[in-house]
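A single chain, nothing else alongside it, follows as structure tokens in the form predicted alone.
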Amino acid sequence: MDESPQSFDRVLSSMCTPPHPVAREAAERFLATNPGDPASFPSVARLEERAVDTLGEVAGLDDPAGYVASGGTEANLQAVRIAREHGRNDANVVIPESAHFSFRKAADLLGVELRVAPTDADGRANLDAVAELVDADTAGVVAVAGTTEYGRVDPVPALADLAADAGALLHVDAAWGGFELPFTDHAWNFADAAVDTMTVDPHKLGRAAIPAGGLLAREESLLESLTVDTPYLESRTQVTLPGTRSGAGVASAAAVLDELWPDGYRDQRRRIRDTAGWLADELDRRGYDVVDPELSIVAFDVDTRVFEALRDEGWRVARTGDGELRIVCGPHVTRDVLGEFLDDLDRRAADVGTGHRANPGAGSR
């Protein structure tokens, strides 16, 4: 094989980051194990129990049910599936327009009507718009705690109240924000509101190896609706979506959670938040229109010609739906890396004459 893995040196828009060394080592040790058959692979099953317990601590839940999924898409799909089984015929699920595209996949696969509410001017779920879409057939309401494009946090307690009034479940998608939000003042988790299910991904800011998503439920009974018989396995039932699952992902999640929760993640939050704030300030001084970073995601308007030139320079950057260049300040995105990016941004902006000025102080990073 003549290909090499993508270097993360210039990857600025990915929500994933290189795994922590303890996560990498654990993943390699458990490559051949299958937590989908816990009776045959009891050691990785015990690691999954540890990982779920710690994810419960992260998300404010003392006795969590759940499992380590392949990622946020699977966890969100399973949450919609739980809501559908909880609901009625012709069930609908209400999401904000900022919700991840995985909910559209889930609705299509599960035959659930998806109702999309507009967001407010700050990119958070508009409560009045959600309330207008909720009715007697609503099985689930979705809140996002750290939107993919801007890192916005929806008003989770208020959305939980709307769901409860309708007899629906509330799902919180904290795939990205789940490892940053515990160290903020946001109300987002099981302890803050009547949350029923939640997505939290260790393979994002949790720094586990891919694949390691997380699905949490307030009660075991919520998962029981997913149960299928598995007559030819030692374990006779499953609630997971895949049969065979990655022991590597489970073990890496358990190892890194043991290593970093809570103090390591607290320090990481401080570093990436400082980096995002510094970058937003540098862009603002250059005259760019910067979306105020709520979590560690920075988005700003940039000329299409400049964007394409930066891609040609090897920067792995992406745009939001509204066209801003979006930078996710994960642990691998340092001020040194961003200083190089800003130098290239200055040069390319000057080349096309956008009027954005270079910042001579950017080199002191």
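Start at 1 and count along the sequence shown; that's the residue number. Predicted model, so just to flag it, every value in this text is computed and none were measured.
Although not depicted, the form predicted together with a small molecule is the subject of the following passage.
A single residue from the set 119, 240, 275, 73 has any heavy atom within 4.5 angstroms of the small molecule in the predicted bound form; that residue is 73. Looking at 120 to 128, 288 to 296, 198 to 206, 246 to 254, the stretch with residues near the small molecule in the predicted bound form, meaning non-hydrogen atoms within 4.5 angstroms, turns out to be 198 to 206. Mapping the unseen interface onto this chain, residue 101 counts among the residues with a heavy atom inside 4.5 Å of the small molecule in the predicted bound form. Shown alone here, residue 14 lies within 4.5 Å of the small molecule in the predicted bound form, counting heavy atoms only. In the predicted bound form, the small molecule sits beyond 4.5 Å of every heavy atom of residue 178. Under a 4.5 angstroms non-hydrogen atom cutoff, the small molecule in the predicted bound form has residue 173 among its neighbouring residues.
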